[in-house]
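To begin, one chain is listed below as structure tokens, in the form predicted on its own.
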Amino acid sequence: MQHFPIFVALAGRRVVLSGGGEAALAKLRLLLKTEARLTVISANPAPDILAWESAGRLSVLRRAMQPGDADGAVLFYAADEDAAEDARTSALARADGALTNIVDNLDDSQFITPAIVDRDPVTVAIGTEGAAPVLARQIKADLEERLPSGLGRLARIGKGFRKMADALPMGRRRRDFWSDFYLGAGPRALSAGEDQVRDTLDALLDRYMSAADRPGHVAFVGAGPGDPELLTLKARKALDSADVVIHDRLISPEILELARREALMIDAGKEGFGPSMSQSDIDALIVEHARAGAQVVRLKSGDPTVFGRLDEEIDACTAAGVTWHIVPGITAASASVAAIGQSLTRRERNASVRFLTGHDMKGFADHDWKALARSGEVAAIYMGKKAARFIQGRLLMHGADPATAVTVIENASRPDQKIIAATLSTLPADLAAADMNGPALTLYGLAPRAAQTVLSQIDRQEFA
């Protein structure tokens, strides 16, 4: 992020603009929505600028800009539509201490003006770092259509009611009151007029003043394999309302960004054969925050019901009298098999699929290797990267074909996804050569679709 978005208080403060043509008019139409003291410097100002001057909405200096003209200004716009003059006027403004923007010159500007959706006092600013102004305009158009025109009126009424609402205790009850007003009761009342909205606010406040605090609760939420677009709507809703988010090490930063800004974020990462927070400490954290009245999201990679130690955490909540619910997520197996264009099951190949773990609490995990070694078997092996040589040995020992396809998918669904196509005989060596550092899932008995097609063609040639 090269430009940090902020909202600058302009009421009663100077904003200076140099220029009098179309570029100046475009900026002034936006600036005139503020309460800033506007000064335009132009030897030949457009008629609209002179009309605004006559109406007392801005002042005009009918000459070229001089040193000191931007003294005391918060912002300065160079809209001279001449590169040399823009450079001169912006240099003068910087010397006077103003932040400067040169219209249509991102590189030399100290700040940029975003695309704005105006539902005063609700303002949405959209920026693309100058990379895609057409995209910013499209987002603006979409938001203009989605945000009701009465939203500003609702916000103004709510703003006037804030001091009364401060009687509610800080925290969740106050947030729930405002959420109920802006997302439910307020919009319904607005169609009947502002008086009805104020009556609704009074009734809503009475209800929340007498209501008991909502008890703490735990949502065990599946974050999916990493792509934020694969989050379920329920998962997004849980993150948006969470007071505390206790998350795994493998949760992608893009998903953590979706949590409510005020939420307490706790990294409860566990790493196989590496440093980890103990399960008992995680259980205690969940219970502690829920008992304190927090809405807790226990955010787990993939699906919480698959190799997620979920039962232990549920048992801890139940023993402490804490309520909970589960929000399923897309598990790594589903994302990984989608990445290679295959199906976990296929008619006349395999009617079942095994979900295995490469290691458990006691070390490398043992399974029914004899059954898995049969031809046509398919397994999704979690945490199998470091156990690859152990898995290979057990399967070969029980008669598995060394040429059995094995695919390893690292960071499934993420931009840095990597796919390693191997066979059972080459698996450990291929993994060592790939130097994988991220979370990986091993698909035993499946090759990427393109590789599978080539193998099938070779088999047909051999039997021809």
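Please read all numbers here as calculations on a predicted model, not as lab measurements. Residue indices: 1-based, along the sequence shown.
This next part talks about the form predicted in complex with a small molecule, which is not shown.
Looking at the small molecule in the predicted bound form, is some heavy atom of each of G216, A292 and G321 within 4.5 Å of it? Judged in the predicted bound form, none of G216, A292 and G321 sits within 4.5 Å of the small molecule.
Contact between N411 and the small molecule in the predicted bound form at 4.5 Å, heavy atoms? Within the cut-off, so yes.
Is W178 one of the residues lying within 4.5 Å of the small molecule in the predicted bound form, judged by heavy atom distances? Contact with the small molecule, no.
Can you check whether L441 is within 4.5 Å of the small molecule in the predicted bound form, heavy atom basis? Yes, contact at 4.5 Å.
Can you check whether D80 is within 4.5 Å of the small molecule in the predicted bound form, heavy atom basis? So D80 does not count as contacting the small molecule.
Quick one: which of 304-312, 100-108, 345-353, 204-212 gets within 4.5 Å of the small molecule in the predicted bound form, going by heavy atoms? Going through the listed ranges, the match is 304-312.
Could you tell me which one of I126, A365, I326, L250 places a heavy atom within 4.5 Å of the small molecule in the predicted bound form? Here the answer is residue option L250.
Which listed residue (M383, L190, I266, V337) meets the criterion of a heavy atom within 4.5 Å of the small molecule in the predicted bound form? Only one listed residue qualifies here, and that residue is M383.
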